[in-house]
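Okay, here we've got a single chain as structure tokens, the form predicted on its own, with questions on binding and movement later.
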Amino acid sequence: MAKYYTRSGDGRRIEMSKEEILADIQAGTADAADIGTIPALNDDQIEHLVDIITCQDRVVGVAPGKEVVMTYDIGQLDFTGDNGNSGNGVDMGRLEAALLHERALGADTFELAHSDYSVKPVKPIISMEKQTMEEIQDVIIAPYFYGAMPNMGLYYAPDGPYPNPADLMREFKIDESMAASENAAEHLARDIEYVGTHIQAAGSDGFNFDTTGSAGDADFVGTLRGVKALRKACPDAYINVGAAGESVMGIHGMIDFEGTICAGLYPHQQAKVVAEAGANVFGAVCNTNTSKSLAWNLARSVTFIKAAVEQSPIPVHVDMGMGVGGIPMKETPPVDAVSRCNKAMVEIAKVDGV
């Protein structure tokens, strides 16, 4: 029986037969369909996915004419950060990194980012960030955004002014825990409006909210409220909201955005509230299971993202990186897996961008 080189969810190189790959694809799409109450991949789509995974080329790509927009998060940190931060440890400034992405790597868009890559630490240094934004806008041609995670965990003790909801829940102080989440969400929304409006005034082409919901449903709701305020203040701003996971963690459990309880929302449902908040683009996410194969993870991811694309009122730019989009959870994901996952998202899920 012929064997094909492929990957596990943790990035290990493994061998699987075509029959094993097919079985994992069928199991992966069935899992997503069951959890998300969405359609599974049909026979033609499954066959297409088998062909992508079993292709013997090390790197694969889409056919000419099927290219999509390629965007980058975390800004210059993919150059300047060390390997522990998925970077390359190359010493350069933010201007040099932006121009290299534009002129050498062919990035369709790029973004300015603070080293902490979170909204809260940007607030006290907003004047310096505005100056840097203006300087780089003078020389860059590609759309140049500002990027940051909402990262509402920074608003809880010991880093922030509000008690940690998890600590309160362990003490069975449920009402106090929910109140802490709600207060932090309001604080986050105010900071998003403050930072966003100031950076737009400096000439930014837009704002990328990365890993929205990483601290649970209150983080997700606080970001949406901030986006709504930013949209009102800056009607022409480009706003991208990328999710933290395929399902919004229900740490609060009852917090809502415009009447929609956000705990437990899946990508096709997240897209609708993100659009309602005023975002231009939704960054859909599906998390990788490290104990499963690339075939299982990719089929599951494509199923979730395909449903989001079909139901979203705004363009969907799927998040593809270590541990999301079917890509193995590895600091430097193997290019054979990355290219196959991207190809499947474009040709099967029909995403608008990556």
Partner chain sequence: MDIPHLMTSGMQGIRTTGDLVARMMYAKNMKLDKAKEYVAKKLGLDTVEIADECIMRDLREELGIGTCTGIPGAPRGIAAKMNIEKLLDIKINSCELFRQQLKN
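Numbering follows the first chain given and starts at 1. All of these numbers come straight from a predicted model, not from anything done at the bench.
Separately, the form predicted in complex with the partner chain exists; it is not shown, and the next lines address it.
Within 4.5 Å of any heavy atom of the partner chain in the predicted bound form lies no heavy atom of Ala23. The partner chain is not shown here, but in the predicted bound form it comes within 4.5 Å of a heavy atom of Val354. Under a 4.5 angstroms non-hydrogen atom cutoff, the partner chain in the predicted bound form lacks Glu276 among its neighbouring residues. Val285 falls outside the set of residues with a heavy atom inside 4.5 Å of the partner chain in the predicted bound form.
Within 4.5 Å of the partner chain in the predicted bound form, a heavy atom is found for every one of Gly61, Lys66 and Gln200. You can rule out all but one of 258 to 266, 222 to 230, 130 to 138, 183 to 191: in the predicted bound form, only 130 to 138 has residues with a heavy atom within 4.5 Å of the partner chain. Of the listed positions (Ala32, Leu49, Leu41, Ile327), a single one reaches within 4.5 angstroms of the partner chain by any non-hydrogen atom in the predicted bound form, namely Ile327. Residues are counted as partner-facing when one of their heavy atoms sits within 4.5 Å of the partner chain in the predicted bound form; in 145 to 166 only Phe145 qualifies.
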